[in-house]
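Have a look below at one chain only, the form predicted alone, in structure tokens format.
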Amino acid sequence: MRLIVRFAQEHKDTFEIVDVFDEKIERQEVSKEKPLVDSIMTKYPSAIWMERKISDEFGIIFNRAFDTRPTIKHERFPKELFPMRKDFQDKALEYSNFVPYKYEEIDGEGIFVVPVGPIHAGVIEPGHFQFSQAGEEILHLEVRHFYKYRAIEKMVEGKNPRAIKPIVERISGNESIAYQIALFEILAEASRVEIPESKKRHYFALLELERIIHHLTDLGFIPNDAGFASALAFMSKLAEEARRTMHHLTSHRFGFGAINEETTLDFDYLNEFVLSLQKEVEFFEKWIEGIPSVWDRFDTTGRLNPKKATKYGVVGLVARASGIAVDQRATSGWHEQYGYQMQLGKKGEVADRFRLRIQEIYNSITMIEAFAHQDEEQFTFKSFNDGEYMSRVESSIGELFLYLNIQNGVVERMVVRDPSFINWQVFHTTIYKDIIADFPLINKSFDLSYAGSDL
């Protein structure tokens, strides 16, 4: 049984812990006077960050948790403030005394620490990587994020569900379309409206274009981090053309505002682009396969074996590259009628994650061509019924989860679980005994979102 998310919410007299699994949902009431609940992080390692974040935001203590360090509460964050509680409404914080963060490090003769970040040389959001090294070999890596606590889940409280769309679609730039679709699925369920088939084809065609853009970018950067810069130049051109196609179709390079009741697509324009793109990717695939120095770096590097991928509940392309058949597009059968086929790797190495991106681009092109119908059906949201609603969508990174609790017509609680939030937690296990020079290569083969953690 796979853990999707563990989150907390506050009621009038109690807190509530909600555990969403792929097969069931479990709930526990937690006393406000003694906010203590059993930890599940030993059984479900993906719950480690979830529980630490809940402790920071609500002040709930997890019994028998083996890692109780703060996440969002960095060195000078006031320790007794719990920003997701209903009584917290401050617009600014007063810094508290500096409390050092205890990193996980390996001690021993000849072992040294290499800190990287949180500020990086490239155009990248903050994230800290703490390496324990024995010469060039990596013995341990700790990933630390949460440097930009944007309070997204807090800022939507009390708002009309429709009004939160500009916030939700900006949670993570690589997944804007996916987040919009997740929200619209919830709004449709809350308003008791069925999204027409033609609209779904338009929405998911844009989602596959978003997936293509992400994969094209990675197919350039991964070889670049192995010393083959020509791949980056080639793929940057294609990724830019794909971004311009997104802009032509939606009036925005990231597709902000694209998913709505009026969404229509110029499929002739889109299909002309993907037809030309397929020829370019086929050329690239033949080209890159003939460069042994690239595969010397890709093969056996950054391996995530199937057992570990399953244990950590890994999602998305990273899971599929390890042979784990996890993809929300495969759950309903709807995508299969438009040509969806799951692509799987074997060893979970950089090579698998690289090749899988090429195969998924081909499959996305097939699906986009199948989505191309010009029939139009209209629908609109009128009002939203109170209740709890959940959606899971397969973004370019993996399965994202969105939860809305609507009470009295406004958002009582929103929960976001980005796929990167899961996959970052297994990342450190894939890098043991690899050389530190391969860290950028392995990192880019995962290509996770920093913003997806920094909520």
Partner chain sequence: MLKFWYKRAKTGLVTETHELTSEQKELKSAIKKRFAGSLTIRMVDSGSCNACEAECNALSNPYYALERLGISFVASPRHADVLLVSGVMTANMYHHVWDAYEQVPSPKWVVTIGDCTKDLGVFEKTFAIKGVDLPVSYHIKGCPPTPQDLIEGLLGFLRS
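Every value quoted in this text rests on a predicted model; they were computed, and no experiment measured them. Numbering follows the first chain given and starts at 1.
Omitted here: the form predicted in complex with its partner chain. The next part is about that form.
Using a 4.5 Å cutoff between non-hydrogen atoms, I119 counts as a contact of its partner chain in the predicted complex. Using a 4.5 angstroms limit between non-hydrogen atoms, E80 is distant from its partner chain in the predicted complex. Taking the partner from the other structure, its partner chain in the predicted complex has no heavy atom within 4.5 Å of any heavy atom of G323.
Shown alone here, F88 lies within 4.5 Å of its partner chain in the predicted complex, counting heavy atoms only. Think of it this way: in the predicted complex, its partner chain has a heavy atom of just one of L270, V294, I152, A188 within 4.5 Å, and the residue is I152.
Exactly one listed residue, out of P166, G108, G333, P100, brings a non-hydrogen atom to within 4.5 Å of its partner chain in the predicted complex: P166. The putative spot formed by V123, K159 and S172 is fully lined by its partner chain in the predicted complex; each residue has a non-hydrogen atom within 4.5 angstroms of it. Of the candidate stretches 297-305, 345-353, 198-206, 236-244, only 236-244 has residues whose heavy atoms lie within 4.5 Å of its partner chain in the predicted complex. Shown without its partner, the chain has I72, H74, R76, F77 in segment 65-81 as residues with a non-hydrogen atom within 4.5 angstroms of its partner chain in the predicted complex.
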